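Each of the two blocks below gives one form of the same protein chain as structure tokens; they are labelled structure 1 and structure 2.
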Structure 1
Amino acid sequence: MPLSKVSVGAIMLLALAGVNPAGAAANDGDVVPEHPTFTRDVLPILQRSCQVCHRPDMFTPMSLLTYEEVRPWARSIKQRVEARVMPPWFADRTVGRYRDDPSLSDAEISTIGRWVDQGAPRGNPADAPAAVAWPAVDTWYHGEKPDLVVTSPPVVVPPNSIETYPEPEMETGLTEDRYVKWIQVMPGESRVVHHVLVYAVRDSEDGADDGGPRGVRELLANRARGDFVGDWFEDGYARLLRKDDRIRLQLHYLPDDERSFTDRTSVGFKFYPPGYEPDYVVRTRAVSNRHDLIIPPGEPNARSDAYFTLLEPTRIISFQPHMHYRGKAMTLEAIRPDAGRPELLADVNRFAWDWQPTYVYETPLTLPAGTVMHVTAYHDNSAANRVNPDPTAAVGWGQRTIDEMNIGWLDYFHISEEEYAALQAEE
């Protein structure tokens, strides 16, 4: 596995080696125990898929580390996992294989359901796997101090207020272009920081069509709730931060019910040494037809299509759908020059606006030059969409959450024709 955009699950898998070594989608054990117990059957599932968010001092309503903590929530857990709203992960499990996929197999869901129906017994304490040693939320995960820390101005988030999305922009002070080894977002107040997008913004660039009036932007990182690892790259892989780039954060705050918070969120960058030349530069591209996104009033399934042609052989690292309240589903397809029909690469069929996970492929996908990437977005502007602010409005592209977007973000890097041929030969 050459390349890494590692998230939380990776540590979980390390921590759990021997408990649930299969990991990710391979976690599809299809055996449902006759009499499941907490210690033997349920706790390993919670460790793998839930505790990263459900532990003390996090933004979640409860911790799910111990039997005492879990027991009162048993019914609610059953209901949430059966509805597949927990853990938050909305890609069809049968399309593509994703790194650190936390989603539960049908057998795991049945195990939890049966355990709850049988009274949620504790079981034998000796069956319990070792507790996971979760790292603290506010440490630079990779151990070393970053070379550059960019911090937002203070933002006051009053209790019971509406969601806000300030977008402060900061200078980096860099005097030369630098290749980035890792990026980590460090929220000041995790309770209210829902997610953070980190953009490099520059004035102009050929061929970029996602700039808008405030400059061309490249998405450098996207921190969803529960991600405290950030993005990092193995040696040879890097992102480029140019000396004149400004850093723009999109800070999405969800206010607390009772307390006021003043947040200052930081982003840490670790660079390769000056002069280092990576083998591959990871890029991010917004695939979107922003100019003709039109969603009629009341329409339950407004479809829009966007395309992006790969001019060189390319490996796709990840896919991240971005839409707002009316977002419903998004698919990613590849139309190879030599194939008769499109190939489905991802099917995020239950998009939920307030969760925006990035789907990182277990192995980057390899595609030939000339492949057309096809993103199809579906929006639900009907009254049946419970978060729809106004089903009578015709909606188009815009920054506000009440406007819409239809972006499929792709992280990718180019390879040579020779590398492409070699990878084909391996398959």
Structure 2
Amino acid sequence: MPLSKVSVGAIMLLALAGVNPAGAAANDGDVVPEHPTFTRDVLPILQRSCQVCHRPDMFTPMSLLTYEEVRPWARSIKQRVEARVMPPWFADRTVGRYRDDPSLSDAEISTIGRWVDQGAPRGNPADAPAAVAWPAVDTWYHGEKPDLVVTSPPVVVPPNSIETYPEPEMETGLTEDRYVKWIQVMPGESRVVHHVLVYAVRDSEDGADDGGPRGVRELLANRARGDFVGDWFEDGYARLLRKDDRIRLQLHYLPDDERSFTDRTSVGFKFYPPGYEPDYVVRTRAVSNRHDLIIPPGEPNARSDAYFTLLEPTRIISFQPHMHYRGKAMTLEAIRPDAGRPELLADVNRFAWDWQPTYVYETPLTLPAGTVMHVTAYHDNSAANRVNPDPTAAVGWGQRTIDEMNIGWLDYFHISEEEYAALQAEE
């Protein structure tokens, strides 16, 4: 499998802490303990699916490492997991199979609920798994230093200020084209950085039809809240960074209510050796239609559609919806040239503007040339939307979070007709 925008739990626990997060949970299958305790039953769940964000120096409002930290939030945790708001994973679990799904099973949710209802007992300390040795926030998560680091100029984010979107550009210093093995975005102050887009920019504008700013050759990385590890490519797969590319960062800052922060965001690139030629080059496409995005005042279910035709046989690696406050849901469909009706590939039916995971397919999806990718976005501009800043406003496309977008980001790579036929024969 070519790319893994893996959960930080999978990388940091396995590579850095040396334990298996997937095997940490005490529950086996659908078994719910009659009398669950924190040490035996709840802590393993938190280690696997919650502590990646809920720990010191992160942007989350509380740490969930110890019983003393968790106990005051027990009822809130129960409410959030029962509503499937946390952990933040909003794809319909019956559509598609994804890597590193942190969502809780029904048994795990019932275990937490029963634990809270029974008074949230601590349990026997001897039952607790070893504490996870979480690395520092400013860690390169792939176990090695990058070959190239570009860092933005310092940006001051004052308290109680407006959202800002600076777009600094940096030279790479490359003297030859290089293929990229991994990319990681490292915000200096993650508490105010909402998301970061990393673009390869050239002087010409021949790549500006991909949904990004003018002059952009392609999007290299997209780091939203909840993604710390970034993109990593297995042997045979890579992104291309050309020697005449500059790096443009689009930084989206959400100010803190009380504190001022000065951010310097860095991007690390690890290259394959010089002369390496991958079998496949991974690309990113923004499937979007800003002209179709018209959201009337009070409308609870405004729909907009966008299309993109695959001109070659293609394998789809991942799907990431991007919308703002009024984002409600987004689907991805494939309309094959030989099929009578669309095929649903992903259904993110509970979009959350402040958590925007990338949904990486367990196995890349294989589609023939001529397939039309169809992204359908739904926005809720009604007063029932609790984060809607103004249900009386008509809303269209814009950079500000009070404006809207309808982007479905796709990571993909092309294959030959012969490879497509071989893959079809294996199904």
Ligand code: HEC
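Since this is a predicted model, take the numbers as computed values, not measurements. Rigid core (definition): largest C-alpha set, two forms, superposition within 1.5 Å. Counting starts at 1 with the first residue of structure 1 and goes up one by one along its sequence.
Visitor: With each form of the chain shown alone, which structure should be assigned as the form predicted in complex with ligand HEC?
Guide: Structure 1.
Visitor: Would the C-alpha of Glu362 be classed as shifted by 2 Å or more between structures 1 and 2 after rigid-core alignment?
Guide: No, the C-alpha moves less than 2 Å.
Visitor: Superposing on the rigid core, is the Cα displacement of Asp101 between structures 1 and 2 2 Å or more?
Guide: Superposed on the core, Asp101 moves its C-alpha less than 2 Å between structures 1 and 2.
Visitor: Establish whether a shift of 2 Å or more occurs at the C-alpha of Ala136 between structures 1 and 2, with the two forms superposed on the rigid core.
Guide: Yes: Ala136 shifts by at least 2 Å between structures 1 and 2.
Visitor: Quote the shift of the Cα of Glu176 between structures 1 and 2 to one decimal place in Å, the two forms being superposed on the rigid core.
Guide: That residue's C-alpha is offset by 2.8 Å.
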